[in-house]
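The chain below stands alone and is given in structure tokens; this is the form predicted alone.
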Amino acid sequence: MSTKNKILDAADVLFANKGFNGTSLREITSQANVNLAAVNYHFGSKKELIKAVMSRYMDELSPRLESALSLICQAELKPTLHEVFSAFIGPLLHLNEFKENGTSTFLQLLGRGYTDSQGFLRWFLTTQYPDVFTNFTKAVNIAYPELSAEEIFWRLHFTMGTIVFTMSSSEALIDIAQNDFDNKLDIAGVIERVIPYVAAGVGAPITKNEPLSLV
């Protein structure tokens, strides 16, 4: 394995488990068994390393996801939000073929971009892979045209929180399903469980925001 890939693999696991802010370059170099100069040589900075880690997944995910969402947008019949979110299943599960536990790891990393306040990462993803976000927003608009841009932002933000929490505890959820309900699930089963929930949340009726009464 090349030095560059050793660094990426080590960073991949540490970033997912400990977060971007909670992982130091020295921890990464120790895990990868390389010196600090190697990180600077191949990536230049921690931010560039974070981008490179995410790009490995996005380069695999984005073409498949763009294609799936494009089909949704071009369909003759108006799609449901359940169909829009279901378009993610195949591309996400492909990441398990790309890398062991790739689906869970990627979703954890994506969530870290929000919980660790990595604004540069969100900017990087939206500018480097704009068609994914454009097609997704378009598909949501087609399925639920009454939603304003602001309402879509909030609902997708809440959706991300649900997915990140679910994926970060997916192993525990799989164990609970087996032990408490005698239901043997894998990561695909967990994703299929969460999709109706987030689709229903995004598709909730629009209500007028009024101040809460303290009485």
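Numbering starts at 1 and runs along the sequence shown. We call the rigid core the largest set of C-alpha positions that still match within 1.5 Å between the two forms. All figures in this text were calculated on a predicted structure; none of them were measured in a lab.
One more form of this protein, predicted in complex with the DNA, exists but is not displayed; see below.
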Should the three residues 71, 80 and 141 be counted as contacting the DNA in the predicted bound form, with contact defined as a heavy atom within 4.5 Å for each?
no
Could you spot which one of 179, 45, 148, 169 gets a heavy atom to within 4.5 Å of the DNA in the predicted bound form?
45
Contacting member of 156, 34, 52, 173, with respect to the DNA in the predicted bound form [4.5 Å, heavy atom]:
34
Using the partner position in the predicted bound form, report whether residue 184 sits within 4.5 Å of the DNA, counting heavy atoms only.
no
Can you work out whether residue 162 and the DNA are in contact in the predicted bound form, taking contact to mean some heavy atom pair no more than 4.5 Å apart?
no
Please tell me whether any heavy atom belonging to residue 13 falls inside 4.5 Å of a heavy atom of the DNA, as the geometry stands in the predicted bound form.
no
So, residue 67 and the DNA: in the predicted bound form, are they within 4.5 Å at any heavy atom pair?
no
Can you tell me which of 185-193, 54-62, 148-156, 26-34 lies within 4.5 Å of the DNA in the predicted bound form, counting heavy atoms only?
26-34
Could you run down 52-69 and flag each residue that has a heavy atom within 4.5 Å of the DNA in the predicted bound form?
none
Displaced residue check between this form and the one not shown: residue 34, CA, 2 Å or over, core reference
yes
